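Take a look at this single chain, the form predicted on its own, given in structure tokens.
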């Protein structure tokens, strides 16, 4: 998270002062932006959510993880993958496909890693002592197997070397993958963790197990095919665009089911949520989930997308979903399980609270600034203005954006320090 957000900050600074860092290859904006997105998604969020998932699933099944050695091997493999992504993208080795920039050889390693994780999880479920499969187990396991499938298809791993098709078919299959990185990887893992943390923190039974399963299946039915709403302006098949728009609007159903379930569970228990920093992060993530999934269906409408597409509005939406929802849940999940793993309270609740507010203020500021910039850009383009003549109008917004990025990077550094102290150097009171 520290390195990924730091790269994002450098990219934001380059938007303000493009010549500041000179023409150094690995520091040009095109590479920095790619490294930033990949490190945040695959270097921070994916291992953070998976780590909490590896704690939650055996605990809910009242059994041990099938193979601790296999789990450690996967951790080592994943670190090799992230390092390889960082190095190859920095030196300019890229497939040039959004969120799928990693070269074909790395794609194969990612597919192997998820296959091994699935084996470890499914065998843990097979050996369980608890007959009831709580909904968190459903979400986390589904997220793993669906990511394996989506990643393999979206990165076209059956075409060695290229890892891509050509023309419109490649665009369609890319956005099937690009949107499902959020919808079938980060979302199921984050929702599954929230279903564990919120009832545990409030010591309250989940409001409705039936609702939780309805939300699970409606998410799988609706989310998998909505990626084409990124291609409404291109000559993709019209029927596919219509299906994606209808599915995008329909996403209101699983989102509201999930949030109703969460919020009725914590009804009358907000004080407990506020006192537990892990639960506080997670609950805030559910609020961002609401805003993300209101904005998403709206911007899938063709009339709205005419104004917002290719603008910073979309960047605001991405940060809201990635950091606001999945990121908050990931950080909260780690803070929640650390005391249970170490037997001691976290090193500093004050630092954790400070991190919370740094990220929250920075993120809300991002949403306001980038959404405003997006509307300025979209309206100007619709009125026939060129891209370059708009840049002076949004210069001050970019300065504010970079300043807000400093808050988020500060929060990441504080969180790293707090978690390292909690794991390795914590002599505090017993949890």
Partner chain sequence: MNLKMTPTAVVLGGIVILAVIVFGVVYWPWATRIEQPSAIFRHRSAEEEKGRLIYIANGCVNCHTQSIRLVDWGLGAERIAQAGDYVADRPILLGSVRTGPDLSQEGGEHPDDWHVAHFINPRYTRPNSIMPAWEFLGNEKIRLLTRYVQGLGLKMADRRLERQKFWKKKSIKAYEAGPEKNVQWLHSQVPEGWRKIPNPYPTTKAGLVRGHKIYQDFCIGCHGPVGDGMGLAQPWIYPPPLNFTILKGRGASGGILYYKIMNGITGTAMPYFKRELESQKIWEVGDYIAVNFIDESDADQEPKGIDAAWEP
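Please read all numbers here as calculations on a predicted model, not as lab measurements. Residue numbers count along the first chain shown, from 1.
Here the subject shifts to the form predicted in complex with the partner chain, a form of this protein not shown in this document.
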Worksheet item: Tell me, which of 344, 225, 269, 319 has a heavy atom within 4.5 angstroms of the partner chain in the predicted bound form?
Response: 225
Worksheet item: Just one of 381, 397, 55, 66 has a heavy atom within 4.5 angstroms of the partner chain in the predicted bound form, so which one?
Response: 381
Discussion item. Residue-level question: is residue 403 within 4.5 Å of the partner chain in the predicted bound form, judged on heavy atoms?
Written reply: no
Item to complete: Check whether residue 287 has any heavy atom within 4.5 Å of a heavy atom of the partner chain in the predicted bound form, and answer yes or no.
Response: no
Practice prompt. Find out whether any non-hydrogen atom of residue 210 is located within 4.5 angstroms of the partner chain in the predicted bound form, and reply yes or no.
Written response: yes
Worksheet entry | Non-hydrogen atom contact residue 46 with the partner chain in the predicted bound form at 4.5 angstroms | no
Worksheet item: All three of 98, 216 and 387 touching the partner chain in the predicted bound form at 4.5 Å, heavy atom to heavy atom?
Response: yes
Worksheet item: Residues in which of 330-338, 309-317, 258-266, 345-353 have heavy atoms within 4.5 Å of the partner chain in the predicted bound form?
Response: 309-317
Worksheet, complete the sentence: Across 341-363, the residues having a non-hydrogen atom within 4.5 Å of the partner chain in the predicted bound form turn out to be none
